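The chain below stands alone and is given as structure tokens, in the form predicted on its own.
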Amino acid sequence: MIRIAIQSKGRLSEDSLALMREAGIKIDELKRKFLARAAGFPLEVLYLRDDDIPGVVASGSADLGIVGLNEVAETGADVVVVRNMGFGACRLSLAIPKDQEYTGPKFFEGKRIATSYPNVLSRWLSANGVKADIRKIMGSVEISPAAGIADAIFDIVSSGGTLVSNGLKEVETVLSSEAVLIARHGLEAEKQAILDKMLFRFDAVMESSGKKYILMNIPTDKVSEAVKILPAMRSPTVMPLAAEGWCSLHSVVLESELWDKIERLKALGAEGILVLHLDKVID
């Protein structure tokens, strides 16, 4: 049995549970408890506040955790970052009132900066030789300048819409973050084996993200040109059809490139093109 800590609520919690669900690790979310056990997989899920997760993993109370890299950086917890998870992307940035001119890091000299991430901010200020008054605020950091509490803020930014609505502009990105899978040091062999199985499943789910399965009929003499358009994971599957001079071509493409490739394939004479949802990709 291995124990993983995830956020008790919020987008990272939803995305973490969705990934586990896609990987065949099912948690009864209707009866959510502080500690829940997965069905059909040797895993316990511990629901915590995001800022508690790195410390709990570092202490060994949980073997693993899924949490934002920003929280790992802020706590300084001694954990192993096993894998970037591909969701929860954001950044820790400095922002100032939009009507002020930004002149570089020295702009913050002597300024009051409101933040929920004082440790990350302190390291950045020190690295840039800046002395400022860090004011720790938990929540609603973006209203601090308007309320006269601070001259600038250091906070999580996703789209930037919240900054704009509060009359602020982003001027420095200090840390790019996303959800990461962390582990405590010294996992026992049995628990490492469970982690490896879980990573195998996660990789299969994540590898399929943003991809489509495509198959079509194409003239045999155009197959070599079509293969250049559809390189696939190793090589497209090509099978002869009963109709002489025709083949069936199967491949996997990035969804972002799908329509461009379809247009090029149709120009080669491809027809009967089917595009299917790709559920898992297992190497």
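Numbering starts at 1 and runs along the sequence shown. Just so it is clear, the structure is predicted and the values come from calculations on it, not from any experiment.
Another form exists, predicted together with phosphoribosyl ATP; not displayed. Remarks below refer to it.
| Residues E22, G65 and V82 all lining phosphoribosyl ATP in the predicted complex, heavy atom within 4.5 Å | Looking in the predicted complex, the three residues E22, G65 and V82 all stay beyond 4.5 Å of phosphoribosyl ATP (heavy atoms).
| said: Can you tell me which of 35 to 43, 66 to 74, 213 to 221, 245 to 253 lies within 4.5 Å of phosphoribosyl ATP in the predicted complex, counting heavy atoms only? | reply: Comparing against phosphoribosyl ATP in the predicted complex, the contact stretch is 66 to 74.
| query | Which one, L181, C90, L125, M198, lies within 4.5 Å of phosphoribosyl ATP in the predicted complex by heavy atoms? | reply | The residue in contact is C90.
| said: Going by heavy atom distances of 4.5 angstroms or less, which of V174, A152, A132, V157 would be at the interface with phosphoribosyl ATP in the predicted complex? | reply: Exactly one residue meets the criterion: V157.
| query | Hey, in the predicted complex, does R49 get a heavy atom within 4.5 angstroms of phosphoribosyl ATP? | reply | Residue-level check for R49: yes, a contact with phosphoribosyl ATP.
| query | Hey, in the predicted complex, is G269 touching phosphoribosyl ATP, heavy atoms inside 4.5 Å? | reply | G269 lies outside the contact set for phosphoribosyl ATP.
| Could you tell me if T162 has a non-hydrogen atom within 4.5 Å of phosphoribosyl ATP in the predicted complex? | Yes.
| said: Just checking whether L12 would be counted as a contact of phosphoribosyl ATP in the predicted complex - the rule being heavy atoms within 4.5 angstroms. | reply: Yes, L12 is a contact residue.
| Since the partner is left out here, which residues of 241 to 276 would have a heavy atom within 4.5 Å of phosphoribosyl ATP in the predicted complex? | Counting only heavy atoms within 4.5 Å of phosphoribosyl ATP in the predicted complex, no residue of 241 to 276 makes contact.
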